[in-house]
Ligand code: EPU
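Take a look at this one chain, the form predicted on its own, written out in structure tokens.
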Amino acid sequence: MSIELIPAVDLASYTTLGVGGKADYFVRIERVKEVPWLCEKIISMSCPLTILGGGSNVLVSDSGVRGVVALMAIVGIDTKEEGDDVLVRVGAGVVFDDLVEYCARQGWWGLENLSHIPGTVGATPIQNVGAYGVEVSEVIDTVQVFDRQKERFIDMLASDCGFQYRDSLFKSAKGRFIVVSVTFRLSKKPMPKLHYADLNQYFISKKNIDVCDVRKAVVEIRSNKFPKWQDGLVGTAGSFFKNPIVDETTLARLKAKCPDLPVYEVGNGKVKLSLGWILDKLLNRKGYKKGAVGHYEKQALVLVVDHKKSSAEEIDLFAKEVEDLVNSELGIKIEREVTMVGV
């Protein structure tokens, strides 16, 4: 098998932030059987391997990425019905929102709250993406991966993937597993999840809601909160930071300072805070800009970039400024959703 490794490829155009340097080598993987070949090639070259999907959750270093960057472009959708359930096996390179739209049109419930999220299917279990009260781990049945340590393909049950809030085994065992497909367990039976405030308000006076109604609502809500990066005028990675999770002691301290702080129960005596609310209402960061980087005017949790004038270094410094500010003002440390890639 011969797949072309292309030298010195600019990676900025493969990310939604639109910044970053070059990959030493770049390759497009379109078939499952190319994955073992790629791993053997990496061993023979004695170099690092970086997997890239839709590029919507990465910040590529201005110095580029050493070794080989592989774009996962494996597509295809297979379905199997099991009573009221539908198992949907999807290639890692399928655009995630295209999948969500397809499933909604079929009348299959489970993914609709995750509408309008950029990126590809293969990244969803790694990040355990979530929105509007739903995490993708709730509807994942299995994840097919190539285990680089054991040098073979395996199907991992959702229970084996170590899913947590915006986290998974695939992050902690970084570099070991390459996701090639994901199987989702969806339902033909109506199961709307509308408890999230924005959705609850949207449907407050509506009845007989179908899955396409929910998808339409989520698309409309997200379109009003997130910038249109697709037009190429602005770079963004969506929510740049995770919502912090704190214990009861920390919550009591914060509530004494800001009683209106929104919180969400996550179990085990911990709650999730709304970082967007904190950045907007407490720290007045909505719309704040410094140089070519700033907080989006409609959602402070989102960073926006003039990618024609900015750099990965400038974005990183701005993010550190936000992290330091939240820590100094509230005494809590926040983490990034966006992954740093490269030197």
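Being a predicted model, the structure only gives us computed values, none of them experimental. When you see a residue number, it is the position in the sequence shown, counting from 1.
The same protein also has a form predicted together with the named molecule, omitted here; what follows describes it.
Trainee: Classify Arg31 as contacting or not contacting the named molecule in the model of the complex by the rule of any non-hydrogen atom within 4.5 angstroms, answering yes or no.
Mentor: It does not: once the named molecule is placed as it appears in the model of the complex, Arg31 has no heavy atom within 4.5 Å of it.
Trainee: Does Asp280 reach the named molecule in the model of the complex, with heavy atoms at most 4.5 Å apart?
Mentor: Looking in the model of the complex, residue contacts with the named molecule include Asp280, since a heavy atom lies within 4.5 Å.
Trainee: Please check if Arg185 has a heavy atom lying within 4.5 Å of any heavy atom of the named molecule in the model of the complex.
Mentor: Looking in the model of the complex, residue contacts with the named molecule do not include Arg185, since no heavy atom lies within 4.5 Å.
Trainee: I'd like to check something about Asp85: if you look in the model of the complex, is any of its heavy atoms closer than or equal to 4.5 Å to a heavy atom of the named molecule?
Mentor: The answer is no: Asp85 has no heavy atom within 4.5 Å of the named molecule.
Trainee: If you check in the model of the complex, do Gly53, Val143 and Asp167 all have a non-hydrogen atom within 4.5 Å of the named molecule?
Mentor: No.
Trainee: Which residue, Lys216, Lys242, Lys193, Lys270, is the contact with the named molecule in the model of the complex, using a 4.5 Å heavy atom cutoff?
Mentor: By the 4.5 Å criterion, the partner-contacting residue is Lys242.
Trainee: Here the chain is shown alone; which of Leu59, Val304, Leu301, Val27 has a heavy atom within 4.5 Å of the named molecule in the model of the complex?
Mentor: None of the others qualify; the residue that does is Leu301.
Trainee: In terms of non-hydrogen atoms within 4.5 angstroms, which of the given stretches 220-228, 246-254, 69-77, 94-102 touches the named molecule in the model of the complex?
Mentor: Of the stretches listed, the one contacting the partner is 220-228.
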